[in-house]
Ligand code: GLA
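Given next, in structure tokens, is a single chain: the form predicted alone.
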């Protein structure tokens, strides 16, 4: 083994299942973590900045060669032990085993670099709760990509691996995602956040004190008309960028180029809803850049205040929050040890991320479950999230 194995109990279960299923030990085992978005909401498609983190939950992917000279592939989902079979040299979208499409799309990306010359037996297993907003799909794509890279001897850069995973989502899973999830999984670092610039794709790690951790509070709330709401907001952002390109005396290709002071100066001259929507990503970029300086000075309280401000912006300007998320964020302000809280991800439901002092995490989780239960008569699922190492080969 190259290093100490994170989530070793999951790894051991996977290897045992792999041997029982295929009768051989895996030749390569890779690991990729899920991710959490900390600051920078809806900024990626506005060419802006995001602070995220790889987390202490992830997915393992194990692979070994098949006998013979063909390219037949056997892929098993280790949790339900369903198996998909296909041609490794020509993977196609599956309607029966939808989960296999994330892996098939990644394999298709590698086939474009170097066509598969041998078949394989593979299995994956993870502990990222599905539908929690922690990007289990990206973790699977990245883990599969790392394994295929080693198995087939195809070297790719970290950024190209992220793009292969993104393309898999687009073309095989039918999800038009950005690069944030894959980038966060690949570039994660222990006790550090991932700072991504979605114009230059310059990606860095920013240290954060080990005195704090994050709670991921999954409301399981899903609201209707989300696709239309996403499209409306993206369209308004593009309209705002076009307005500022004509109104400002410097180049503007995206809202990333507009300062908060410029927004304040021009907001009354814009169509009201365009001005309202554009305020959120413009403010978020400013908050991310401010947050980085606060982290460098270990100002965790100041960082937490930015998280609360981010949620207020989501609620008031972008209107991508909902009552379930608002109750948790408002409740978090009164919980001892909590420094900040905001919605994480696209919004309109899903999860709240809470920054809390490590020694107060357990008590804060109980308090937040009770806050949610008092309002909605059911407790939300809360997990402790730590900033963790990014994707890597285990075996």
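Bear in mind the structure is a predicted one, so any value in this text is a computation, not a measurement. Positions refer to the first chain, counted from 1.
This next part talks about the form predicted in complex with the named molecule, which is not shown.
Residues within 4.5 angstroms of the named molecule in the predicted complex, judged by any non-hydrogen atom, belong to 35-43 and to none of the other stretches in 360-368, 62-70, 35-43, 324-332. This chain is displayed alone, yet in the predicted complex one of 292, 177, 273, 156 has a heavy atom within 4.5 Å of the named molecule; that residue is 177. None of 230, 243, 97, 189 but one reaches within 4.5 angstroms of the named molecule in the predicted complex through a heavy atom, and that residue is 230. Interface residue remark: residue 346 is counted as part of the site for the named molecule in the predicted complex, having a heavy atom within 4.5 Å. Looking at 368-388, no residue comes within 4.5 Å of the named molecule in the predicted complex, counting any heavy atom.
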